[in-house]
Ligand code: 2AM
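A single chain, nothing else alongside it, follows as structure tokens in the form predicted on its own.
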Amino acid sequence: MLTKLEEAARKAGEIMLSAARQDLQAEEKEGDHNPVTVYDKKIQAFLQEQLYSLCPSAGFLGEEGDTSCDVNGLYWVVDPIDGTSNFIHDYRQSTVSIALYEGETPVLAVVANPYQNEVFTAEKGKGAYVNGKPIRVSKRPVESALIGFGTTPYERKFADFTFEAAKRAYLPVRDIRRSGSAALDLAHIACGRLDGFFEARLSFWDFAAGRLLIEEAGGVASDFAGAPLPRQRSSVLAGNLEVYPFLREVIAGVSADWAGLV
């Protein structure tokens, strides 16, 4: 099934690449600066059909609605374009994110970056891969780390918290990055390009696939408190075994100053 899932993700990526940019229009969804395009909807409709053919018994949970699933059973979690703002601006840092869950447990994951012709895959208990090659998280220490973070643009009440955390994380490490696609950042931790990541609030479909990629690549992904990631909007903290504890300390220190916000 994973091979066919990878094929479906690649075809979804081709739809993204085919966008007629001169006609690209965006609508605003609930929340601040939360755009959606016709291509988000088109890719989700395509994937919903493809995933049903792969596993007719599985439910479906997608960012753009059309939800039909029993969350205690088998269901797909789909973000058709993670990084829609990037997509609108042709920033070329957007992904297709697909995960298959059984209850609270992720069992399959695919994150496809069509701009780099890369597809990250994972199956529970069988490791993580990019374009079929095994990947692992890095072993870099904190002082050599490259840290990714997200700005939670749809909930700007987190801005002061986020940028204070970014400053405190930045000072001891090599550098920090902001890509605009959490799914891509998590995939990059899984393959060792990034060493850690945090964001104050993400939706389930933003991290559903990336979580399994990191876990199967030997890393750690949790909420800010260190608890397992839930099937709802949540803070997200991830990294290799050296950097994750450092980021936990950073977040705990900032959280003490912004008590009750996250």
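Note that residue numbering begins at 1 and tracks the sequence as displayed. None of the values given here were measured: they were computed from a predicted structure.
Below, we refer to the form predicted in complex with adenosine-2'-monophosphate, which is not included among the displayed structures.
A heavy atom within 4.5 Å of adenosine-2'-monophosphate in the predicted bound form is found for one listed residue only; from Thr121, Asn113, Ser138, Ser181, this is Ser181. When contacts are judged by a 4.5 Å heavy atom cut-off, Arg231 does not count as touching adenosine-2'-monophosphate in the predicted bound form.
Among heavy atoms of Gly150, some come within 4.5 Å of adenosine-2'-monophosphate in the predicted bound form. The closest heavy atom approach of Pro106 to adenosine-2'-monophosphate in the predicted bound form falls outside 4.5 Å. By the criterion of a heavy atom within 4.5 Å, Phe161 is excluded from the residues contacting adenosine-2'-monophosphate in the predicted bound form.
The stretch that touches adenosine-2'-monophosphate in the predicted bound form, counting heavy atoms within 4.5 Å, is 151-159, out of 188-196, 151-159, 98-106, 124-132. In the predicted bound form, Glu199, Arg201, Leu202, Ser203, Asp206 are the residues of 188-218 with at least one heavy atom within 4.5 Å of adenosine-2'-monophosphate, listed from first to last.
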